[in-house]
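Next up: just one chain, as structure tokens, the form predicted on its own.
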Amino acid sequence: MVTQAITAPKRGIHSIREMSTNDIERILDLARDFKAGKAINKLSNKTVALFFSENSTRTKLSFQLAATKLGAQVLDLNQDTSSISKGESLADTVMTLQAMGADCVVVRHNQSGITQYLQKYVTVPIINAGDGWAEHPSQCLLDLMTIREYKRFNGLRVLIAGDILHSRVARSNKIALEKLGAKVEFTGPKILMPPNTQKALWPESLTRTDVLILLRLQKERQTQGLIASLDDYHLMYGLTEKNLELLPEESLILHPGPVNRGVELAESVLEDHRCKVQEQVTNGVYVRMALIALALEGRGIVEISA
């Protein structure tokens, strides 16, 4: 197949950076309405295709469940069993999915900017489910939804802690939260911080934190010698029971998952009333319902009841 870019109008949800505050609020409002049972699904004649080239549990399953809850059929394409293993380009694969009748394609890939690139070749909307180190829009939005159920964004003090350098979650969250009026700080081992990034003191900064977002320490980095050991990381930068005492009682603790117990946080932290990890997972389904619905907007798909 000869891959050729098209010039037709593009759709899709690719980046938090591209979204206005109104866009973000609209997605969160629709996700809230889905959660409250106020939105009516009308995707019974639609097909959502999933293409994940990286391992995923929460993101992939919640997109699948979101599409199913909306009444859509789901095509789940695995890179290892697709024609990509025979040399087919990803652009050709996405064009094939469109030709088969997919109405929306959800893509996770290790290449930054991949969904914007693929959108050049198809008219159906593509949703970014995580691209390289760049962004993770749906994770960011489910974090925002969880925060908004407890807090106001304007003036909110948010601390993102951990492997900032390799985290697309940190990038998306900082962009979105600052657009909404929050103040965002980073902290973590110096070697895992982006160059020229101001670093908040740990654990002292916990005392002034309204929302703490802990990032997964990517254990594959351990083989590169970037940190001494997982135990050392936990003692120096983990949310230990002792450090937890510094966090205000009305604060929130978030984590995008999967959680490395005894590394980013002590196991007992997961039982603390401030920890909202499971609520994040629940909200992820409704946020992804909203993203699919809005990506397909204009086709008479979603109605909101009074």
Partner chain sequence: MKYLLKNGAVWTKRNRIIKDLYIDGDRIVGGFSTNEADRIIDLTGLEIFPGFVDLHCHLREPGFSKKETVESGTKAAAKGGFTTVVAMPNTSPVLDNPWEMESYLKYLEDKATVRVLPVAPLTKGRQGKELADLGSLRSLGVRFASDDGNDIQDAFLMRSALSYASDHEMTVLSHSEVESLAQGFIHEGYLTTEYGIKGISSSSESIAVARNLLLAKEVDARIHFCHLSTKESVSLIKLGKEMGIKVSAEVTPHHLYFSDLDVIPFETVYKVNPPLRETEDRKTLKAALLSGVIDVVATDHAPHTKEEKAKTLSEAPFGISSIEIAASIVNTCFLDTHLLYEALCYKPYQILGEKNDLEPGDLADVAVFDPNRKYTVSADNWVSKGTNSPYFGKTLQGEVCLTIRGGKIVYEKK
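Residue numbers count along the first chain shown, from 1. A quick note: this is a predicted structure, and the numbers were derived from the prediction, not measured.
Only in words, not in the display: the form predicted together with its partner chain, which the text now covers.
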Checklist entry - Which listed residue (154, 112, 229, 123) meets the criterion of a heavy atom within 4.5 Å of its partner chain in the model of the complex? => result 112
Checklist outcome for this item: Answer key, its partner chain contact in the model of the complex at 4.5 Å (heavy atoms) among 77, 134, 184, 95: the residue is 134
Checklist entry - Which of these stretches, 140 to 148, 104 to 112, 67 to 75, 207 to 215, has heavy atoms within 4.5 Å of its partner chain in the model of the complex? => result 104 to 112
Checklist entry - With the cut-off set at 4.5 Å between non-hydrogen atoms, does residue 179 touch its partner chain in the model of the complex? => result no
Item to check | residue 202, heavy atom within 4.5 angstroms of its partner chain in the model of the complex | outcome: no
Item to check | Partner contact for residue 234 in the model of the complex: its partner chain, 4.5 angstroms, heavy atom | outcome: no
Checklist entry - Which residues in 182 to 203 have a heavy atom within 4.5 Å of its partner chain in the model of the complex? => result 194, 195, 196, 197
